[in-house]
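One chain comes next, on its own, written out as structure tokens in the form predicted alone.
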């Protein structure tokens, strides 16, 4: 029997799993597939629309999950995240006091809180020349857009013989390819300034690759995240998954929950489909971190919304006509508030289950698009739910 069974392998579920495994809990994680963080920029948005995430966190209404975590809890969770990422070789830069800017593949500036080290030099607010290096045939990255919106910028295109982000990232792991790449850049006689590239500098050694190329060229280099799928998001996910395994956590990947066993006020086990036979996974406590609609944690019918694993009560606008704003492109549709309402210990309300805890974007009133808080809230609530569960286990 496990101490804890976490259902959902996204950022929130992984953070909860790692925190509990780090404290010696026998931990299992069940996921039906690669999570949404693989599609993300790899950056950690804590609260957008303000220069300081710390100041912005107080703005959402009382039911927002951030208020259950608290400022110190959010700070502690981000510090824990940075610590485990540094330990895995993928440093993150930034702090909760300040949002920083990164360039997007469309040439705009996006505000975020924590960024991978490969994006550290992305935006300094000065007018230093930036040279964009793109790759022949690469889609979802638009150097002409970037230079059109940045007067002191230019670009060149390198033919790597491959045009996918994963393919390019794999090529950059090869030292012979990197030597050819550096030699070509030197031949271009690029004006003084920084060099920016789509985020393809390797899958497992991005920091080392960036530093090696930077030293060869004697230039600051930074990555620009591409449109999904995102190599920085994949790097983040793989490092977290590897960290959990290193701490002794068991992972059941690509598995759906077939059934749930409940006894009075407790979940006793879940059954997952493995090959031709179901596998029963027992736990003293459980964490639900399956995400919202896109991840399959919530499912919408014509006039209702249900939670897909435990059939927990879901908060949502009762009239379908009220789910969306009149202008679809307005941020903050009412349906974005849908989710599981929890108490301050992150147990689901009105479910009468004392050993089940909930975290991540499946939480009610998250409004992730409106507050631009997706990955930050996932980390904060994942760690907060893990702490509550740990206290309950005693």
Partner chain sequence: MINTDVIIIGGGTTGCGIARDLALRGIPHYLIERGDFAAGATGSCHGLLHSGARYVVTDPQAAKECISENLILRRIAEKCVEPTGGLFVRLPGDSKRFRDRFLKCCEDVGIPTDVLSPSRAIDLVPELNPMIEEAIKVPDCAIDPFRLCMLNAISSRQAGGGFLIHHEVIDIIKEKGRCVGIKAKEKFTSQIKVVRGKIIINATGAWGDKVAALGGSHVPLTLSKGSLIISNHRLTNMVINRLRPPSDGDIIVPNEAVCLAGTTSISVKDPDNIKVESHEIDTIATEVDHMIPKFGSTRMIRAYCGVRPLFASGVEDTRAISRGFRIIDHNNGLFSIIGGKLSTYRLMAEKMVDIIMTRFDKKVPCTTAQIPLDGQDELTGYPLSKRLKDMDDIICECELVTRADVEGVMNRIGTKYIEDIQHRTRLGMGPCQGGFCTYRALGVMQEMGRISPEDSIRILKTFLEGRFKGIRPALWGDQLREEQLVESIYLGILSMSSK
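Numbering follows the first chain given and starts at 1. Please read these numbers as outputs of a predicted model, since none were measured by experiment.
Omitted from view is the form predicted in complex with its partner chain, to which the following refers.
Heavy atoms within 4.5 Å of its partner chain in the predicted complex belong, among the stretches 91 to 99, 145 to 153, 186 to 194, 69 to 77, to residues of 145 to 153.
A heavy atom within 4.5 Å of its partner chain in the predicted complex is found for exactly one of 211, 261, 140, 180: 140. Here is the short version: of 257, 217, 227, 315, the single residue with a heavy atom within 4.5 Å of its partner chain in the predicted complex is 227. By the 4.5 Å heavy atom rule, the three marked residues 106, 293 and 336 all count as contacting its partner chain in the predicted complex. Taking non-hydrogen atoms only, residue 110 approaches its partner chain to within 4.5 angstroms in the predicted complex.
In the predicted complex, none of the heavy atoms of residue 82 sits within 4.5 Å of a heavy atom of its partner chain. Contact check for residue 159: every heavy atom lies farther than 4.5 Å from its partner chain in the predicted complex.
Looking at residue 351, you'd find every heavy atom of it more than 4.5 angstroms from its partner chain in the predicted complex. Although its partner chain is not shown here, in the predicted complex the stretch 275 to 306 places heavy atoms of 292, 293, 294, 296, 298, 299, 300, 301, 302, 303 within 4.5 Å of it, in sequence order.
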